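Here's a solo chain for you in structure tokens, the form predicted alone.
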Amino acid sequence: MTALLLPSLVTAVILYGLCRRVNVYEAFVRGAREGLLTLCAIAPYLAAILTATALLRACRAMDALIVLLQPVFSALGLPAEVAGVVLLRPLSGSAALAAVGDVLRACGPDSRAGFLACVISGAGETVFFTASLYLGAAGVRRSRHALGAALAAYACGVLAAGILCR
């Protein structure tokens, strides 16, 4: 049944376009061209954020930052094991998922740290990744306030997850 969903949707869009007397193929090609231009515009931003994330993990700077922030996490009532997830999630979803895997291997899936890591990873946003993509595509140069607000919202989400996962 679900195998027919996508072909049915595509067929419905084509039929709708034909009923509205739209050159469906030309509209598709125009949209694909605009998509490729957008991809070319945002590729440098994507490369920068992914490179920064890989460098942080490769040179062990993330590990040092986690050790440095353990007292802060303890004061907030968050297990120190989730620090990697909290710090990586705003940068990269795949890096945060790897950190979740580390927490699950170390603490187990039924632990508070494992549960909290999963909630933060699933409910948190890749702030810098998303901002670099969308703001870069839109040509926004002054993103200071948008990033500050997004990071504040992310911090509130992490604290709320910490409270709800008790």
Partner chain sequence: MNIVFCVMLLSGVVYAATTGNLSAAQDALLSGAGEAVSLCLSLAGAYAFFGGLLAVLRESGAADALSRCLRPLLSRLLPFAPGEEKAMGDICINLSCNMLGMGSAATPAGLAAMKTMAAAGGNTGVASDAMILFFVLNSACPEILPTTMIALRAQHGAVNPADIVLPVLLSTGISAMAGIALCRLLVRGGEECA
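Remember, it's a predicted structure, so these values are computed and weren't measured experimentally. Residue numbers count along the first chain shown, from 1. Between two forms, the rigid core is the largest collection of C-alphas that superpose within 1.5 Å.
Not on display, but discussed next: the form predicted in complex with its partner chain.
In the predicted complex, its partner chain lies farther than 4.5 Å from every heavy atom of L68. L91 belongs to the set of residues with a heavy atom inside 4.5 Å of its partner chain in the predicted complex. The closest non-hydrogen atom of L5 lies within 4.5 Å of its partner chain in the predicted complex. Heavy atoms closer than or equal to 4.5 Å to its partner chain in the predicted complex belong, across 20 to 55, to the residues R20, V22, V24, A27, F28, R30, G31, A32, E34, G35, L36, T38, L39, I42, A43, L46, A47, A48, I49, L50, T51, A52, T53, A54, L55, ordered by sequence position. After superposing the rigid core, the C-alpha of A146 moves by less than 2 Å between the shown form and the other one.
Once you line up the core between the shown form and the other one, the Cα of A155 stays within less than 2 Å of where it was.
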